[in-house]
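Take a look at this single chain in structure tokens; it is the form predicted on its own.
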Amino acid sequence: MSQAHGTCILVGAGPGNPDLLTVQAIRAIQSATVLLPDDLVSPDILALASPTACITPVGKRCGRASTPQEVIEHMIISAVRAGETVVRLKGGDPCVFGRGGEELDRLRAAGIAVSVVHGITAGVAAAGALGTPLTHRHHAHGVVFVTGHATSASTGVDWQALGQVAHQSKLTLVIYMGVQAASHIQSQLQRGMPADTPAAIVENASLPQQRHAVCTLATLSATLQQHKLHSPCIIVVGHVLQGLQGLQALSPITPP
């Protein structure tokens, strides 16, 4: 087994607003000699890095040119073995739809010690931007974070069954990367939960260009198209949103 002389840290950059970084994340970014950021990490966050750090973007966005996961892992391993302090900087939290688990497995298998600095995941930031909770003693007894990439039971998500469970158990659904499959997700969820279940879509949560729209499950896909909301978006579905029906659509909410 090759001896690793450097260090590796998987760091969550949060939803984009640098004010939402943890103190630990800032310290890790500043310590990096090699910084490998995802596509959604904002320039303001990258500006926190040392001026001598080698910054190599390794973005992965659906429908765009992306750095293969195997290449990213090879870059990390090579840099650590060369004695570098490597920070793999991911949007949101590294271990919530950030492939952090895959990278942890690969690095540990290569004999490399790796630590994780968690960040605010986009689903939490989206709810905060709307001014709504994700759980509520009267309306939502739990929350499910789920990827919209998995659009059928054969790929991991049975949306009809998930809708039934969410409705019966009063769970809030927080859907990541669901824009492209929104029509399918909507039609399948409606088989398990009422069509008038409140829903909300948040684009670029926490950033100055944030937009949102409030709708119902039945109008989810049409609302996305009407307002031309695009990725990165978080979709929230559940009765915990019922107090938002009068909220003005598409107006950014400035955090305190």
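Counting begins at 1, following the sequence as shown. Keep in mind that this is a model prediction, so the values were computed, not measured.
This protein has a second form, the form predicted in complex with ligand SAH, left out of what is shown; the following refers to that one.
- When you look in the predicted bound form, the only residue of L217, L36, V202, A32 with a non-hydrogen atom within 4.5 Å of ligand SAH is V202.
- Checked against ligand SAH in the predicted bound form, the residues V116, I112, M177, I72 give one hit for a heavy atom within 4.5 Å, which is M177.
- Contact with ligand SAH in the predicted bound form holds for all three of L40, G92 and P232, each having a heavy atom within 4.5 Å.
- At a distance threshold of 4.5 angstroms between non-hydrogen atoms, V87 is out of contact with ligand SAH in the predicted bound form.
- Among residues of the shown chain, Q186 is not one whose heavy atoms approach ligand SAH to within 4.5 Å in the predicted bound form.
- Although the partner is absent here, T172 lies well away from ligand SAH in the predicted bound form, with no heavy atom inside 4.5 Å.
- Heavy atoms of P15 reach within 4.5 Å of ligand SAH in the predicted bound form, making it an interface residue.
- Between 119-127, 134-142, 76-84, 159-167, the stretch whose residues reach within 4.5 angstroms of ligand SAH in the predicted bound form through a non-hydrogen atom is 119-127.
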